[in-house]
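One chain follows as structure tokens, the form predicted on its own.
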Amino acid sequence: MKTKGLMFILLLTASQVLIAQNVDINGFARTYEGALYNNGNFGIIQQTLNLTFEQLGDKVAFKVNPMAYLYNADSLDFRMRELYLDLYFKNFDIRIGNQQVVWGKADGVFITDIVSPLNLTEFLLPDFDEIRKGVIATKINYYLGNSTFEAIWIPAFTPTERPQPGSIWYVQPDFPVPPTWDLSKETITPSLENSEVFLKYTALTSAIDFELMGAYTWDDNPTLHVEKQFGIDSATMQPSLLGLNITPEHHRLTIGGGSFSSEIKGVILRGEAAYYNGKYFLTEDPLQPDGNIQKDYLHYLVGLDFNIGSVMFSSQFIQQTILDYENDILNEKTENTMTFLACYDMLRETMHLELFSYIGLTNEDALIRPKVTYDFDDSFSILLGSNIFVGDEKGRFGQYKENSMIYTKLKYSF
């Protein structure tokens, strides 16, 4: 807490220097409160300050984007979202430093958009540019006509950030007996051998825009290797489970995929897919000593964007499927999800109505997110919304049905 406070003070001091150097400064201040429907308690009380410092030149540019989140008036979370340098050349450019990378055509779903890890401490509720975490990387873009070749090298692995015990978003794993945890293999030591590489080819044509990508990376989510300890039940004289020793460990993944979008008579058709080679899944197969099995995995979507009058609609069908599936695997063979979005602007585009939903077809659950935003002027807006979780507790969304809330955001941009 003291370290983050000191960093924040140093940042404010540095901003005065940057102002003197004619650096462009913008950002926003936001207050965000949400109350749970089931008991009226506040599920979130958050104040946010976002600052962006930029200077653009013909050959060199830089961007610094720190954010500070204050929770419940006493917990400061300081994050450097981006801090990088751009170098421009005739046919290519280079970006070096902490940066966010956005790939793919999907909305609200991460399929080929896997370069930047995620901050899921508040599930999928924050704005998606805040869910993505920056990564320290070197990115090179080479331009050839309507095509772009992109290469990214990440020297130090950063995993997905998940809720901690005590958070309303933390879900206690269901184990038959209390486990012990061995965290000795959870950290990936930064080294040349442990670095990550991502490649992408993009083509923009009059008929279709498409991307092809490949990656040699680490799984952002650790595999839980389970060692079972057995003894003899004195009453039945049968083997009995006495304990579990769980070792989280990240493993390498080789991923290939792509995405496309095309307009057909005013309708945008989108698609995206990724093939994961060698992903681990938990299994009840007794022949698997650590409780896991490797299988290839396919994740894809198709989507449509269209307008009816002044209302914009968007819908996506997403499927995740495990190839060469075995019945002992704890995950479903396929998991189907849909998304739905409807937007309408009124009062001379000062009031924005939006309804976005995730619909879990496999588990029959959903997250429904209606909201209305009113722009008082170009700098100040107020938002009133709701996050409604419904369905079975075993579903991705239904497990949070006690976290349904109404919330408001006041935002001042400068």
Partner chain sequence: MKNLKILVAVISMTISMSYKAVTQDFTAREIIQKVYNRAEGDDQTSFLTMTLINKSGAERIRKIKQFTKDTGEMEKSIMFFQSPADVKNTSFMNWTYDDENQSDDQWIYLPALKKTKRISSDSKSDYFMGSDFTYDDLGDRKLDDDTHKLIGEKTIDGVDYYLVESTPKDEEYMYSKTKTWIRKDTFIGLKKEFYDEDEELLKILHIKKFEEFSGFLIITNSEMHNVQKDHKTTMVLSDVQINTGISDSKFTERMMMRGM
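Just so it is clear, the model here is predicted, and its values are computed rather than measured. Numbering follows the first chain given and starts at 1.
If you look for the form predicted together with the partner chain, you will not find it shown, but the lines that follow are about it.
Listed residue (Val226, Ala106, Leu125, Ile255) with a non-hydrogen atom within 4.5 angstroms of the partner chain in the predicted bound form: Result of the distance check: Ala106.
Listed residue that, although the partner chain is not shown, lies within 4.5 Å of it in the predicted bound form (heavy atoms), from Asn277, Ser261, Ser240, Thr321: Contact check passes for Ser261.
All of Asn41, Ser75 and Glu364 within 4.5 Å of the partner chain in the predicted bound form, heavy atom check: Checking in the predicted bound form: none of Asn41, Ser75 and Glu364 is within 4.5 Å of the partner chain.
Contact of Glu33 with the partner chain in the predicted bound form (heavy atom, 4.5 Å): Contact with the partner chain, no.
Contact test in the predicted bound form: Ser413 vs the partner chain, heavy atoms, 4.5 Å: Output for Ser413 is yes: heavy atoms within 4.5 Å of the partner chain.
4.5 Å heavy atom contact, Glu354 and the partner chain in the predicted bound form: Glu354: no, not in contact with the partner chain in the predicted bound form.
Arg81, heavy atom within 4.5 angstroms of the partner chain in the predicted bound form: The answer is yes: Arg81 has a heavy atom within 4.5 Å of the partner chain.
Region of this chain that lies against the partner chain in the predicted bound form, out of 265-273, 158-166, 175-183, 293-301 [heavy atom, 4.5 Å]: Partner-contacting stretch among the options: 265-273.
Those residues of 37-63 which, in the predicted bound form, come within 4.5 Å of the partner chain by heavy atom: If the 4.5 Å heavy-atom criterion is applied to the partner chain in the predicted bound form, 37-63 yields Glu54, Leu56, Asp58, Lys63.
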